[in-house]
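To begin, one chain is listed below as structure tokens, in the form predicted alone.
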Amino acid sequence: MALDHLDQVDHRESSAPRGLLDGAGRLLDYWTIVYKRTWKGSVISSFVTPLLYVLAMGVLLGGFIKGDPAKLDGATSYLAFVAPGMVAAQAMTTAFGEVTYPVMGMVKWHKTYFGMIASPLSVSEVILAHLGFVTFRVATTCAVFLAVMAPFGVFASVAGVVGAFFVQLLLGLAFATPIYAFSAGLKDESAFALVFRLGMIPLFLFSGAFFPISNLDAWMEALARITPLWHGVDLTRMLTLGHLDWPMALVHVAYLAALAVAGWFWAVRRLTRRMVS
């Protein structure tokens, strides 16, 4: 009897993940199946919309705007100025879309998280796996966006484009982790309307993606400079235009990384409380 008990203990111990990455990796097949079943629904928003933005805002509208490098952060055309801003905005909107309703669905409607937590997986491993999927979505979307813009000759160097791509991953996590935490603790989805209308849309319009924030009033410019999207836009623009200001670039990276880490710990705390309440 005692030996049988020891065998059961050994079996449970052997099936437990050996670490955070190992546990998150065990959900790889789940998220792969999710993407295979849902990718068609994201084609328009992820791959076609960027092309339409580039054509409408960069090529057509930009044709009426005379490029002045002194007023466009060093860009020689409006298309070169607005393109990195649109990439960063796309990373943000993708993160918003992946950690609002989907998170609530897995907690409240489908209760998928409860099934995952019932296994040897921990809350941290479940969150890491979900954020890994969000990072994959941001990566594929932004890679397509950058590829679409490449033929327009708006990038100064290949190295700058590669750097801009990794900035989008950091920017996506800087938005994903705190919004994930917010979604994990919500009892009702009605708050998402405020998140999109009072959070995402103002950020999209007033964080330097479409015009220099120096054009804003002083108090609005100061407010814009503390938003994560502005940090992502400015860093992406530095890289794609080849005008890298290292001290400021390090500030951008530190700001976005700190936001992502703080959001991670908040997310673990909020979801843990939600799962045991």
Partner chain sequence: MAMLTTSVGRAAASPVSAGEATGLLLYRNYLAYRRAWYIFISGFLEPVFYLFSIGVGVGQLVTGFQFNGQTIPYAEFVAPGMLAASAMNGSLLDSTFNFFFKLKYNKLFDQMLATPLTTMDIARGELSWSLLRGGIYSAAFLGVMLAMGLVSSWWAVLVVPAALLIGLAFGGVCMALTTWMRSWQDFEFVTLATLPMFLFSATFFPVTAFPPVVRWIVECTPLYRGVVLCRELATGALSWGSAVSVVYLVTMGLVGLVVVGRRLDKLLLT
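Residue numbers count along the first chain shown, from 1. Since the structure is predicted, the reported quantities are computational estimates derived from the model, not experimental observations.
Beyond what is shown, the protein has a form predicted in complex with the partner chain; the following relates to that form.
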TODO: Using heavy atoms only and a 4.5 Å cut-off, decide whether all three of Arg37, Phe204 and Phe211 touch the partner chain in the predicted bound form.
DONE: yes
Open item on the list: Quick check on Tyr78: any heavy atom within 4.5 Å of the partner chain in the predicted bound form?
Closed with: yes
TODO: Please check if Ile65 has a heavy atom lying within 4.5 Å of any heavy atom of the partner chain in the predicted bound form.
DONE: yes
- [ ] May I ask you to check whether Lys187 falls inside a 4.5 Å heavy atom distance of the partner chain in the predicted bound form?
- [x] no
Task: the partner chain contact in the predicted bound form: Leu198, any heavy atom under 4.5 Å - done: yes
TODO: Could you tell me which one of Leu250, Ile33, Leu52, Ile226 places a heavy atom within 4.5 Å of the partner chain in the predicted bound form?
DONE: Leu52
Open item on the list: Please identify the residue among Val48, Leu28, Leu244, Ala222 with any heavy atom within 4.5 Å of the partner chain in the predicted bound form.
Closed with: Val48
Open item on the list: Within 4.5 angstroms, counting heavy atoms, which one of the listed stretches 70-78, 171-179, 128-136, 115-123 is next to the partner chain in the predicted bound form?
Closed with: 70-78
